[in-house]
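One chain follows as structure tokens, the form predicted on its own.
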């Protein structure tokens, strides 16, 4: 799909699904269970953000000028499959935002694709700016806060060919792009994050433990060499394809420069950065030192930056990390796993929020939290337990202002392709038709009531 002809039918089906899901949910809620839960707030604060997230490359489709598109479509590749048309969200965005609003959510987190806006260095596309203006106007029309991410991993090919975040001019180039976008679109934004998970390399490779996994080969020099040949510069550095320390320094400088560029255009816009985090737990004698090493590498430089150049911090957590004396340990035997191989551990979110609050006194937003599973009843349980943890943090006086679920749609999950299902909404890979899952209705009911509602009897 991707044309206007199918929208009326899709909208009719969406509303029928919502009505049916809401009725089923109302009929199966356990009476007064939410109020009876010990240690959980009965209600969330007025103005609390309830939302779902996407990322441009993972849902829009056809992002041909990006570094990731190149890497997905070359040989050798680490990607199980290319992104292709993704979820056709580039054309179906208004339907998706309307669906999110109809569910009861009030916040849509999405990214603007740098490689669309600036396909060649210094050449900015007004047509693409007009597209993202329509996305922002759709958020406004449907009563949804627009939480915009300026970079969600992918960068333009030309930028990767310069050396990406390792290039000494990378922060200036990123700030130029952010400033250009702000001058054209800034008035429609509600919140902004400069970068998504800029600490991911340190999280993955800062301590031993992933060398034998697929991600452990991600710095494969043959891939980097061939990518450099494809872009015509002989160089290539992108996302986690490059040298860890120069990339970190480039990203830290890029966040500061982007923060200043955004604030120059609109000083009152709340601007932060979203970090990849795990609920780190020391296991056995001598593990504390390794745990602290991980935190020094993965979190503390960004906490320091946020104290000076952020209005809030976005925390993104999915599971816990068991840390032993010599590095990362595998999941605890007998623990249920998600389809990504993580422990099914929704309480990780509460642990991450408490740890972050202990080290950084800024407002916190949960900008990603979710679970990969084809059993949607597990997603309902995950949401319930994760949101209960947020409620306990609020009771403790921690300034948490929003919960944004990953993800709105079953989408392209990078190296793993379309196999992992994180979405509140399923997407038919042939027709792009959306199918609302019970988990979407459940999260929407929490948002409508602004309180933790009980689990359905069927879960």
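Residue numbers count along the first chain shown, from 1. What you are looking at is a predicted structure, and each value in this text was computed from that prediction instead of being measured.
This protein has a second form, the form predicted together with a small molecule, left out of what is shown; the following refers to that one.
Not one of 111, 144 and 194 is positioned with any heavy atom within 4.5 Å of the small molecule in the predicted complex.
Under a 4.5 angstroms non-hydrogen atom cutoff, the small molecule in the predicted complex lacks residue 91 among its neighbouring residues. The closest heavy atom approach of residue 44 to the small molecule in the predicted complex falls outside 4.5 Å. Residue contact with the small molecule in the predicted complex: residue 269 places no heavy atom within 4.5 Å of it. The small molecule in the predicted complex is not approached by residue 132, whose heavy atoms all lie more than 4.5 angstroms from it.
A single residue from the set 329, 244, 340, 362 has any heavy atom within 4.5 angstroms of the small molecule in the predicted complex; that residue is 340.
Distance criterion of 4.5 Å from any heavy atom to the small molecule in the predicted complex singles out 422 from the list 69, 50, 422, 432. Of the candidate stretches 311-319, 93-101, 70-78, 175-183, only 311-319 has residues whose heavy atoms lie within 4.5 Å of the small molecule in the predicted complex.
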